[in-house]
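Here we start with a single chain on its own, the form predicted on its own, put down as structure tokens.
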Amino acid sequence: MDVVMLSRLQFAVASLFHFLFVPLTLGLSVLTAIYETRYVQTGDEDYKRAAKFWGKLFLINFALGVVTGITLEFQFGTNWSSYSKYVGDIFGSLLAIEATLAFYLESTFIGVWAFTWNRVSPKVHALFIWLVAIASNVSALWILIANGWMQHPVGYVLRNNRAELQDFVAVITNKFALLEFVHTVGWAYVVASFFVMGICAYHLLRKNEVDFFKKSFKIASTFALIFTILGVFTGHLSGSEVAETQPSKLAAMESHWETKQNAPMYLFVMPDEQNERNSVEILPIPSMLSLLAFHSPSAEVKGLKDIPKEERPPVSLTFWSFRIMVGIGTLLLLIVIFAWKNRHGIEACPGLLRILLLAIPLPYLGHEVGWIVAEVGRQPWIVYGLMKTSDAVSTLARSQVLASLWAFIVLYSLLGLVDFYLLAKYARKGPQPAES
């Protein structure tokens, strides 16, 4: 493998590992704030205990997420310096705003919240965790605006052999970026909700703190239902936006080779990328691809054969990742509907509780393959239509990147083991005993 591929693999390892922590941080911060708010509203000590219990797991996850996020950003200088030089006027400003506006606010108040239990009024203390939750999600907003700009660059002008910022408002109101934010954060809330429901299921199966975990479960199941439905809806809108702005990605997602109107969608397809065709196409639904992509059954959908080979994304990886993502999303929606319908008597549904416990990894996997679709499907462009990935890499020796890639793999494996051990340990331990 050359330096470009090794650098891509290194960034993929770092970003996919980092994103194991991000969705739980985003969602668990909001859920913890909701539990503490319920304590303020009702005076019920179980909700205070819930805020402390889920907040402890949030703090563990947040700490590991920060470490992996910092090393991720460093790679824009080490491995992708040509990219940083070319678009740093735009991309760098967005990351700078994220750090100064959101990350510092989040980092400050997370400490204030953790160390001021019973030292300030309950309302003030609840305000602290809401500031943490808001800052976490605002941080995600700016990062996803930056990524959305890479997917659909707007508001720039080419000057002095680089892309320079011309219209900041156009960048922050980029429809692609805003849809990406709502969709990504919505599914992050689903990750956190299933995490909470799964741990509740673990304890309810053992008849441990039944009343406490039922209260946590009711809120988490409602949260999960709302944002799973929202995630499905925004996923459809995002797909339509991809059809408009990244026709090569859409064609790879559907393994669609021939440009045609009334494009059908097949229930089962087997791509044959080498021969530019599908070796298997079963059960076509007439005009469905045109309808889903452009909301018109007669719309023309561009095929991969009308895209130069050097500008096509890897078809098989994009195609199968997309199908895994959709399949997981559909399965999670079915599970959460049953969980929400049985939320009041969930302790009497051992089969459903076991499913919820086993389902904890599913939204994580859905998120990961979703990012594979987004990033691999954009190739060979690092900024779609503007800069190719091969032109963005730093001038490095292959041995240097190979060494750092293995260092990342070893380090992140150790960090992952520590994080999963601590989360499992304190999740199994359960909440602190109720105060007399």
Partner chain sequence: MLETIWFILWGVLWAVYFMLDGFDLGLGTLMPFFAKNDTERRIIYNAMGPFWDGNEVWLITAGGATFAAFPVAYAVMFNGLYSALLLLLFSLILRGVSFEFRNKVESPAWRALWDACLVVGSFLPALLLGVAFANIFQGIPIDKNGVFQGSFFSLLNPYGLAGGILFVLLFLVHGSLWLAVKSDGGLQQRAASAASRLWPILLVVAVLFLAYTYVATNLFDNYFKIPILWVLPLLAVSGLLLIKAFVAKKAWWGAWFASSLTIVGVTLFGVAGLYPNLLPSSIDPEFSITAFNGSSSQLTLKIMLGVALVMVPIVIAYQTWVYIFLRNKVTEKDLLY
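This structure is a prediction, so every number in the text was calculated from the model and none was measured. Numbering follows the first chain given and starts at 1.
Form predicted together with the partner chain: not shown, discussed below.
Ser404 belongs to the set of residues with a heavy atom inside 4.5 Å of the partner chain in the predicted bound form.
Among heavy atoms of Gly303, none comes within 4.5 Å of the partner chain in the predicted bound form. Although the partner is absent from this view, Trp371 stays clear of the partner chain in the predicted bound form, with no non-hydrogen atom inside 4.5 angstroms. Remark: Phe168 counts among the residues lining the partner chain in the predicted bound form, judged by a heavy atom distance of 4.5 Å or less. In plain terms, the part of the chain that comes close to the partner chain in the predicted bound form, with a heavy atom within 4.5 Å, is 103-111 out of 355-363, 223-231, 103-111, 281-289. Taking Asn208, Ser93, Ser296, Ser316 one by one, only a single residue has any non-hydrogen atom within 4.5 Å of the partner chain in the predicted bound form, and it is Ser93.
This chain is displayed alone, yet in the predicted bound form one of Leu334, Val120, Leu237, Met270 has a heavy atom within 4.5 Å of the partner chain; that residue is Val120.
Although the partner chain is omitted here, in the predicted bound form all of Thr395, Tyr412 and Tyr426 have a heavy atom within 4.5 Å of it. Residues are counted as partner-facing when one of their heavy atoms sits within 4.5 Å of the partner chain in the predicted bound form; in 8-44 only Gln10 qualifies.
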